[in-house]
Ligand code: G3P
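One chain follows as structure tokens, the form predicted on its own.
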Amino acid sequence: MKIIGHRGIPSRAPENTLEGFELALKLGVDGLELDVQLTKDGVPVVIHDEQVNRTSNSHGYVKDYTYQELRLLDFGCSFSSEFKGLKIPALEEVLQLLHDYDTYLNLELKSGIIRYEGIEEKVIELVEKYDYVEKTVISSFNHYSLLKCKEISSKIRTGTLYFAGLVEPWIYAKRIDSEFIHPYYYNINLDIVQGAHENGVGVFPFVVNDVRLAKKFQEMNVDGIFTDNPVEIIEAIKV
């Protein structure tokens, strides 16, 4: 079971920052999950919320800032004074960081609430540029984005994010040519895991922060979990 750092390691460092990703990698995660949006000038940047309010010292929508304007903001001070001055990373910076690691990468396209024109092409272009296609999965709650990714490149693997309690979700995943389902963890049981695997679909539930629950999913043979507490879970199950 892969242990994927959800937005890095947000229990110990500011989410979706290079510093958080580096710390997660040093502490032994199998992979990273991060979120991608586009700036006003079309640069793919790593941030979860459509607005910068929660994670920076400013306010407003990511789409209304140029990349250079976003770089003037502080994305560490809201976490603690220790991380004051951290910058929002461009997706390209993350891919440069991962050059020295053999790390599973999940890129979530935040293309649901705001329809970022061309985000799929821009993200895939960068993943291909840094030769990271085989280690990358692109996920989204906007399943039209996943279909578009497949139209752009058949080599791109996708993960279908969803909250609902779907019946036989592997059928839907295969309908949109998705290799993985990424369900909210409440919707996972042994029948779903077995049914997905029997049909060649991987299972990565989110967000699993409880050690006991992580052990339960390991017993179910899920392929991986997204977690805010990767170190605690690694220490508990990778013995």
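The first residue of the shown sequence is 1; numbering continues from there. Note that the structure is predicted; figures quoted are calculated from it, not measured.
Below, we turn to the form predicted in complex with ligand G3P, even though it does not appear here.
> Within 4.5 Å of ligand G3P in the predicted complex: all of Arg7, His48 and Leu161, by heavy atom?
The answer is yes: all three residues contact the partner (heavy atom, 4.5 Å cut-off).
> Can you check 31-39, 63-71, 192-200, 168-176 and let me know which stretch has heavy atoms within 4.5 Å of ligand G3P in the predicted complex?
Result of the contact check: 31-39.
> Pick from Arg157, Lys148, Lys122, Lys110: which has a non-hydrogen atom within 4.5 Å of ligand G3P in the predicted complex?
For this set of options, the contacting one is Lys110.
> Pick from Tyr130, Tyr101, Phe83, Phe141: which has a non-hydrogen atom within 4.5 Å of ligand G3P in the predicted complex?
By the 4.5 Å heavy-atom cutoff, the listed residue in contact is Phe141.
> Although ligand G3P is absent from this view, report whether Phe21 comes within 4.5 Å of it in the predicted complex, heavy atoms only.
Output for Phe21 is no: heavy atoms all beyond 4.5 Å of ligand G3P.
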